[in-house]
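Here's a solo chain for you in structure tokens, the form predicted on its own.
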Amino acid sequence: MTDVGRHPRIKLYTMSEIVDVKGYVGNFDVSILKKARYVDETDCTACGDCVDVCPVVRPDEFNLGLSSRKAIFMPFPQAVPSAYLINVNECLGHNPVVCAKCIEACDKDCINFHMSDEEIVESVGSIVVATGLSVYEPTELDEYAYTRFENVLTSLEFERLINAGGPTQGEVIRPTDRRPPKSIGFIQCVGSRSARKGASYCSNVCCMNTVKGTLMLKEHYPDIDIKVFYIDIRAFGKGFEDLYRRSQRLGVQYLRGLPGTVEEIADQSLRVSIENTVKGRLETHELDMLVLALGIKPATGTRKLQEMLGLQLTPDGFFLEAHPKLQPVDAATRGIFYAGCAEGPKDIKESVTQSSAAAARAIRLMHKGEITTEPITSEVIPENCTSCGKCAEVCPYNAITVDIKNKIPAVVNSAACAGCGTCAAECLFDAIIMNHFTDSQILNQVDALLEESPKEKILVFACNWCSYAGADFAGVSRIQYPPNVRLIRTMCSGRVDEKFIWDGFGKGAPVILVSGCHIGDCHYIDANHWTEKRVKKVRKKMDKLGIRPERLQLEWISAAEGVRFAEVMQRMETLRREVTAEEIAETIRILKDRKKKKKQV
């Protein structure tokens, strides 16, 4: 952070928050609220004279309340900028009649109670979201007695105690009697891997953070008794298993089983009861201190930022990347990238790696000075648009804006459009053209493929990134599948319009398959969710019309699933053989009557 503060081409806004983001890739306007610190950071020399005279004492947030600070303070050592700030809600000095001691002590005249918050707008080409994390609040886990017993600490509080720059200069002491503990217990997965309380996912760093803590304790206090209560020790990473084994060799006891109760005994030590699942028995252990290894949660403000930037979140509340394999640091919105725990729990090494990747992606995008886009984008026909807003609703990239209130036609931002075609498929008024995958182009392919012997064909609409690539993988792997399969490539299964399906059945197709990426693995974030809804809707209509819904199939096939592609095609061939010529003829008749009725209406 010090290097960032010194860099001539980096603007660092501290005590600031994003309040609004407008624009698109290459042209973002970011509104920043810079909060008043009431100390001139350019003139402050951090001499500390103001702190010495301040009469207001408050718990220090950086040390998690284990030490105190004044109303005028520096947030943490090596803070950038190296200047003090005033918490005006705690300070008495905003009314000089009450207190003005810091003003009198400051020889540089840095303190100014007339400062106010300032709003700044920065124009940027790309954005890296690196919002960090928050930790699980253990107060609801009453069985661990965090709120009742002082000698129960969180892993963050323990980290400050053992740190050489912490409130005790690295000396580990019990909060109750200020004496070094003779025994310490660690409880793993507090707020993680639990559907009942906390989060169901693994927080990634807790196990190795505990292992590190045990090694540091054994280094400074070789005779200390340490017990770790765990579900599973997850030591994934370079050298992590060696650290875990080294901790065991130093005498740290790893007991498989989480405590059910924690009680305080006469000398304020703790009695912990656990079920040791390795030995299959109940055990009690007496400890001087207990440390709760807290799980990781998404940073506060994640939801607000997600709404401003038009991003997606995973069910766990972290930001969702554009693609877990192909674009692991890209957001769905072009020009926005992720770093660190904004995208999911990770350790420092992974965070640095992802940060480097995000920076490289931003440089790759911006270094030319102009942005090129793929020509496969949507285009609105204004005279056909009714301003219903459906296209804007289904767009996973927020690339379409519609003024529904004033009935102004939709507008597509071609820089933000990724070309999935979901908007064109959902538009009921033929007001959107999907360049290079227009309705007429796809319908002409349907006509050509079903021109001869349609009842012998299997018509497949396959997405470019997964299903079509899966078919290609089956081919190059020489995996056998029926030769009567006829594929029509679309960029996404979300592009498969209802009219394509009706046209296929109307031309005599016995069965039709719509295939795309697996749910949660879509190249276009969540476009295949709309595919699923559309296919269900068509099946209901088929049932009402007297057409067997089973003749329309939906399958998710990835690019690596060549074998699965062949298996699905074999099943489609079996289904095709069950469809009689009479059934196909009746379907054609029903759809012709349906078309006539629509024209009459």
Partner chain sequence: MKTNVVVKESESIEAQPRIGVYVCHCGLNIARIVDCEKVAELASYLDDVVVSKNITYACSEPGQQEIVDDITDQGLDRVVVASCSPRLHEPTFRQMLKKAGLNPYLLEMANLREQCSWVHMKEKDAATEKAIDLVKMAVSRARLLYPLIEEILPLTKRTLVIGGGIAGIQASLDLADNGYDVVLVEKRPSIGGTMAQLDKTFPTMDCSI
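Residue numbers count along the first chain shown, from 1. Rigid core here is just the name for the largest C-alpha set that superposes within 1.5 Å across the two forms. These numbers were taken from a predicted model, which means no experiment stands behind them.
The next section is about a form of this same protein that is not shown, the form predicted together with its partner chain.
J.: At 4.5 Å between heavy atoms, is residue 22 in contact with its partner chain in the model of the complex?
T.: Residue 22: no contact with its partner chain in the model of the complex.
J.: Would residue 374 count as touching its partner chain in the model of the complex under a 4.5 Å heavy atom rule?
T.: Residue 374 belongs to the contact set for its partner chain.
J.: Would residue 297 count as a contact of its partner chain in the model of the complex, using a 4.5 angstroms cut-off between non-hydrogen atoms?
T.: Taking the distances in the model of the complex, the answer for residue 297 is no, it never comes within 4.5 Å of its partner chain.
J.: So in the model of the complex, does residue 11 come within 4.5 Å of its partner chain, heavy atom to heavy atom?
T.: Heavy-atom contact with its partner chain at 4.5 Å: present for residue 11.
J.: In the model of the complex, does each residue in the set 151, 230 and 282 place a non-hydrogen atom within 4.5 angstroms of its partner chain?
T.: Checking in the model of the complex: none of 151, 230 and 282 is within 4.5 Å of its partner chain.
J.: Just give me the single entry in 409, 81, 175, 317 that has a non-hydrogen atom within 4.5 angstroms of its partner chain in the model of the complex.
T.: By the 4.5 Å criterion, the partner-contacting residue is 81.
J.: If you check 90, 263, 159, 104 against its partner chain in the model of the complex, which one has a heavy atom within 4.5 Å?
T.: None of the others qualify; the residue that does is 159.
J.: Name the stretch, out of 496-504, 388-396, 255-263, 297-305, where some heavy atom lies within 4.5 Å of its partner chain in the model of the complex.
T.: Looking at the other structure, the answer is 297-305.
J.: Between 21-37 and its partner chain in the model of the complex, list the residues on our side with a heavy atom within 4.5 Å.
T.: Sequence-ordered list: 24, 26, 27, 30, 32, 37.
J.: Rigid core fitted, then: does residue 577 show a CA shift of 2 angstroms or greater between this form and the one not shown?
T.: Yes.
J.: Compare the position of the CA of residue 379 between this form and the one not shown after a rigid core fit and state whether the shift reaches 2 Å.
T.: Yes, residue 379 moves 2 Å or more.
J.: Indicate closer or farther: the Cα atoms of residue 524 and residue 350, in the model of the complex, relative to the displayed form, with a change of 3 Å or more.
T.: So the answer is farther.
J.: Which way does the C-alpha gap of residue 524 and residue 339 go in the model of the complex, closer or farther, given it changes by 3 angstroms or more?
T.: Residues separate in the model of the complex, at least 3 Å farther apart.
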